[in-house]
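The form predicted alone is given below as one chain in structure tokens.
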């Protein structure tokens, strides 16, 4: 490949760099600090034609190449990795599949607004039990006449909930593994399609990320993308292109950190000389420059192959793996070169350092990249044609009774209390301190985001008092809503409850929360969403509105 880019590509680089320097860089600190999604910046990107770079002009695209696209992501990420990945996820994940597999009607309805910047695209693949193993998809789509009924949840979705259009994978034919997964175009406005609170992330904080929740979402039959059963294949092809975008993001972050560190090292005088001239620092800068150039060549090579419609999957994996490992190393060394100054908020290398880590993780971890590469360079091993039966992911809380009560709230509450009494539970101890320690407590009532505003917490406290329990919550309910202090939430990085009775109200049952209660003797879940994961991980559950269920449960406990 050429070592010097054609003039048009370098002119395009300047075009994007000028925009990034003028519009993004001055506010990058505030976007990061306040985790603000830059709506106006994205709007301007649409007006400049950046939201449709490698797509046909007939649909509103810029008609340029994937090299142009890689350069755009690189230059935006050079000043803010979060803004860079907004463009990357929109283009590679949320839009490319529509252009590649969509029919004319779908392109006119959904692709045109995406390419012109009137809407943003997202991609729903990852689930709690389908991360690196994407074939483990549990979201389902059942054909019912003129529509599919979509149920399930997707996690870690970039651009959600700001995106308007999402490409979502779901199982349409159970038991067929990869070949039973299809892909759908899902509009943000479809009834039953909701979102979690956005995550509070370590880095790329200008990029918004949330969960997609589907409860009996009617997806029109015409929104099936391509052919039924081809969704997994499409997703893997989409990810191949997405890796060029993430590699470009990593490259931009590394470039920004390198330039910052070099400028600082030239201005910093110690022992009578610029620290950049000290051999160990000059060698570090030399290694940075070399790794950055190598990353750039790998990325542009993969982009050229994609434009030429060559097989580029391995090349994209190499570029993503090498560039993201490079970014993580360079940002660390750049911060080290700054010394204590680099550890202070507001200094760009501190932000670059945090932004770099995710590039080694999403759109295929670098461990998976090595699997992709090794599968391409090693002879294929003949496999037994008989496929092993798909195994359901093991429960994080062990085997549970899974007795779920639905219908009338009073009747459900009565059945639950009867079941608890049959297990030997009594409800005569009412003097437990709600704010008592979680560690060592025998009973706990935990509130989730599903209870809504803080005033609703009083009802949950009443339930805790009647149950003789201490009060806790899920992590988001503590950190976002402030239901309980952050040293009292239950979950992966919080408290672990190993007492007798756990009651969770308005908690979805995410993996992170379940890891805090595997030792609980009895788990009770109360949620109005019948598809909530908690109902697959509890002893007893009540499906219903907590405003009705909790008062009925309190009354039954009093009677008991």
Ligand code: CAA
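Residue numbers count along the first chain shown, from 1. Note that the structure is predicted; figures quoted are calculated from it, not measured.
Omitted from view is the form predicted in complex with the named molecule, to which the following refers.
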item: The named molecule: the contacting residue among 224, 275, 237, 171 in the predicted complex [heavy atom, 4.5 Å]; value: 237
item: Sole residue of 178, 281, 116, 366 within 4.5 Å of the named molecule in the predicted complex, by heavy atom; value: 178
item: Residue 425 within 4.5 Å of the named molecule in the predicted complex, heavy atoms; value: no
item: 4.5 Å heavy atom contact, residue 126 and the named molecule in the predicted complex; value: yes
item: Any non-hydrogen atom of residue 289 within 4.5 angstroms of the named molecule in the predicted complex; value: no
item: is_contact(residue 156, the named molecule) in the predicted complex, heavy atom dist at most 4.5 Å; value: yes
item: Options 475 to 483, 225 to 233, 454 to 462, 410 to 418; stretch whose heavy atom lies within 4.5 Å of the named molecule in the predicted complex; value: 225 to 233
item: All of 135, 243 and 380 with a heavy atom within 4.5 Å of the named molecule in the predicted complex; value: yes
